[in-house]
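Only one chain is given next, in structure tokens, and it is the form predicted on its own.
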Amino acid sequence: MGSALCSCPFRVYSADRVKGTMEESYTFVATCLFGLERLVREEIESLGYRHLSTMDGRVEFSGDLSAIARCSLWLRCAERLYLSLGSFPARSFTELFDGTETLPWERWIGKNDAFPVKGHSVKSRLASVPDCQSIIKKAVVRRLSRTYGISWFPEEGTRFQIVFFLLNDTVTLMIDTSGIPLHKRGYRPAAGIAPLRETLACAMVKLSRPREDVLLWDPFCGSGTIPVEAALLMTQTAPGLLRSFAAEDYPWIPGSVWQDARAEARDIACPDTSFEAYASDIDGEMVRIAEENIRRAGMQNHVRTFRRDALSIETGGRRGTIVCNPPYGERMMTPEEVRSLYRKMGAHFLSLDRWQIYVISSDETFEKDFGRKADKVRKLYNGMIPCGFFQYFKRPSGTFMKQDDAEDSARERQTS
């Protein structure tokens, strides 16, 4: 058995690495697509930070301010990273204003800085997002006015995006440290008609349990996201190395913290892994785009690209795993064409012997069309589209599913 990942341990910063506010403990929130919370928690804990709580699409944890740099670089399945300033009940606009005003905004925001407000309200009495934005903005201005002795703020300096999240009449106020969402790694300026978010692609790869001596093949590669994420993972390359983050402009995080975090990431990278991935597609233009993205990601030594029909792939005598995102009738192909494709995939993939198959699809009849009941189905979200991640890791029997098996599987997926 080959190793799953290079054995390059993370170095956890000690408390005496930095002074002042850097050595204090803060609360952070990492957001993610529904279904990826466990993976995000594991990533946070692998970096040495303490998990506090988890809810749908959100993982809360604690760490010093260096966590902003390290998590920004390393979180593969998270969408954004926030510094949480506080939570309190907000059943009325008075409570929202008073609670907001009590927070030490001057510790983070200077008198010339910009501080726009945005957020969400879920299952709360204060359902109007614009009204909540206005109240929070006024409360922050009141607090900063009292601190700085001024009544007007030019907001021409560093931009601090304030974000609120109201859930069940409790509000959490945060500062966005990411800016551009974390799934935008920097290697994919161009994508296909129905691009797969990088964070979801990485989650699919992780769930497929990649190994160095097992070929990973995406025969519907599109812009190459799945193979690139697999190569980044297996080479222990930090996904955020190619980009910048909003918090790099924050004066209360020394530049040395970002320098140290990037140096750590470069030290950990293991480019000499023997892992290999294939990125193929029936569309030659998509193969060309994938090749460019792979080159930008620096993974050309680990990902091979070529044009090929997914229904003609062969094992070549190798052990392999297919991880793919075929069309499922949302933006590409008609439902009838999709079902026909799934039937042909199921028939042809039986010829791949013991290869493991991992397919994401929003089609609830996928297993019936594919002809086999999945060994495991995990519910994931491709953006706002609920999907099943159909996992086939046992030796195929070659028999087709019965209708009642397909219906039982669909029910299991709905309750999982």
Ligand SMILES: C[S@@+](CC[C@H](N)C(=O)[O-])C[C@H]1O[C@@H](n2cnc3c(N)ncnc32)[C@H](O)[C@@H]1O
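Bear in mind the structure is a predicted one, so any value in this text is a computation, not a measurement. In this text, residue numbers run from 1 along the sequence as written.
What comes next is about the form predicted in complex with the named molecule, which is not displayed.
Trainee: Looking at the named molecule in the predicted complex, do all three of A69, L81 and P181 come within 4.5 Å of it through at least one heavy atom?
Mentor: Negative, none of the three is within 4.5 Å.
Trainee: With the cut-off set at 4.5 Å between non-hydrogen atoms, does L341 touch the named molecule in the predicted complex?
Mentor: Flag for L341 set to yes.
Trainee: Would F275 count as a contact of the named molecule in the predicted complex, using a 4.5 angstroms cut-off between non-hydrogen atoms?
Mentor: No, F275 sits far enough from the named molecule in the predicted complex that none of its heavy atoms falls within 4.5 Å.
Trainee: State yes or no: in the predicted complex, is some non-hydrogen atom of G99 no more than 4.5 angstroms from a non-hydrogen atom of the named molecule?
Mentor: Contact with the named molecule, no.
Trainee: Is R188 one of the residues lying within 4.5 Å of the named molecule in the predicted complex, judged by heavy atom distances?
Mentor: Flag for R188 set to yes.
Trainee: Quick check for you: of 127-135, 100-108, 277-285, 147-155, which stretch puts a non-hydrogen atom within 4.5 Å of the named molecule in the predicted complex?
Mentor: Heavy-atom contact with the partner occurs in 277-285.
Trainee: Using a 4.5 Å heavy atom cut-off, which residue among D249, E95, E292, D309 comes into contact with the named molecule in the predicted complex?
Mentor: Selected residue: D309.
Trainee: Find the only residue in L196, A231, V205, L75 having a heavy atom within 4.5 Å of the named molecule in the predicted complex.
Mentor: Result of the distance check: L196.
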